[in-house]
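In the block that follows, a single chain appears as structure tokens, in the form predicted alone.
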């Protein structure tokens, strides 16, 4: 009789557990953003989480867990939590370099099931004194004097640096790359006349473009891009169609959950994410922040991050800026 009672209790608890999982979420969710408060990844996450909270009818609390190599502290914190969908990690494409730099112990998509809100496209701009009026003029000038034109694109191995290298590969031009510790120092160096060419995002440059401090020549995506109060910036692909073989390499800002989370959790968050992305708030956010919205999640988003991880990490390894070979983590060569 006791054994029968035990079996009945076990069956009841299993059924209750299944019902509880099916009801996800039943309590507040926390999203730990790996970058600082007020930054692009933080603002993006606070915006999408507020919209998803409305869909899920629960609170989503956004906190910041900064520090470590390429956002390692925040990723390791969330990795150490239960894979139950109640702790998410807010991140960006830059986090894919953490493993090869010694901050994380796994390939990105071996751990994370990502959701991509989007990102701002990179733009090639020059300072007014450069005397260049078009992207084609810049490329021809660079080809005429290989390495004579100084260009900054944030740090070595960054998404902006990879875009500059892709421009060189797709056009045959050669610039003298000058690395800085971030987009802001790079842009400030251009304002000071240390470099002539800047490759950072439209979101980062837009105020300088509107103020006529920078002359935008081309965006590094297939379509032209419009900045309110300025006008339309053409695509670099127009004069150099071969660039399509190397670009676009876009930002991927969003969040992720454990790969080990249940299918129900992934489906529930995916449905809420899709609905939130289709709302007017996110469309307004994209307009104001000069974002191109993605909405990819699951396998589609993993494919994006696998490609970015491959390109970023092997480039860092080639530049001798990686602690470990990407091969150690099973990261394929691009």
Partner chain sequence: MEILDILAALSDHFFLRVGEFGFKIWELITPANILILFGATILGIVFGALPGLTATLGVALLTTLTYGIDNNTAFIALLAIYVGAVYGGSYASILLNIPGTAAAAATAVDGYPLALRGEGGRALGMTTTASLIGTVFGLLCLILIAPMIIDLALKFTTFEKFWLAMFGITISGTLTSRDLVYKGWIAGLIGLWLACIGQEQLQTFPRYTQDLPELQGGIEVVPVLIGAFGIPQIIKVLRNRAALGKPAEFKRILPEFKTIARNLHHIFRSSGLGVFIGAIPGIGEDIAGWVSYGVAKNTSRHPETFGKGEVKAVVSTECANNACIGGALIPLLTLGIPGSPPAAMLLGALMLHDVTPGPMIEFENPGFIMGFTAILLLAACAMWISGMVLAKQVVKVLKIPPSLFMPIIGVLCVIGSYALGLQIINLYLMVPVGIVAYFLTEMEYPIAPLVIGVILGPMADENLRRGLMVANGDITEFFTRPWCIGLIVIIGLTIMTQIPAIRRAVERSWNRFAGGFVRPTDGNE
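Positions refer to the first chain, counted from 1. All of these numbers come straight from a predicted model, not from anything done at the bench.
Omitted here: the form predicted together with the partner chain. The next part is about that form.
Think of it this way: in the predicted complex, the partner chain has a heavy atom of just one of 128, 211, 241, 80 within 4.5 Å, and the residue is 211. Only one of 232, 176, 106, 133 lies close to the partner chain in the predicted complex, with a heavy atom inside 4.5 Å, and it is 176. Annotation: in the predicted complex, residues 120, 296 and 332 none come within 4.5 Å of the partner chain through any heavy atom. In the predicted complex, the partner chain stays beyond 4.5 Å of every heavy atom belonging to residue 283. The partner chain in the predicted complex is approached by residue 42, whose closest heavy atom lies within 4.5 angstroms of it. With a 4.5 Å cutoff on heavy atoms, residue 94 does not count as touching the partner chain in the predicted complex; it lies far away. Residue contact with the partner chain in the predicted complex: residue 188 places a heavy atom within 4.5 Å of it. Just one listed stretch, out of 136-144, 232-240, 189-197, 163-171, contacts the partner chain in the predicted complex at the 4.5 Å heavy atom level, and that stretch is 189-197. Along 83-112, residues 101, 102 each place a heavy atom within 4.5 Å of the partner chain in the predicted complex.
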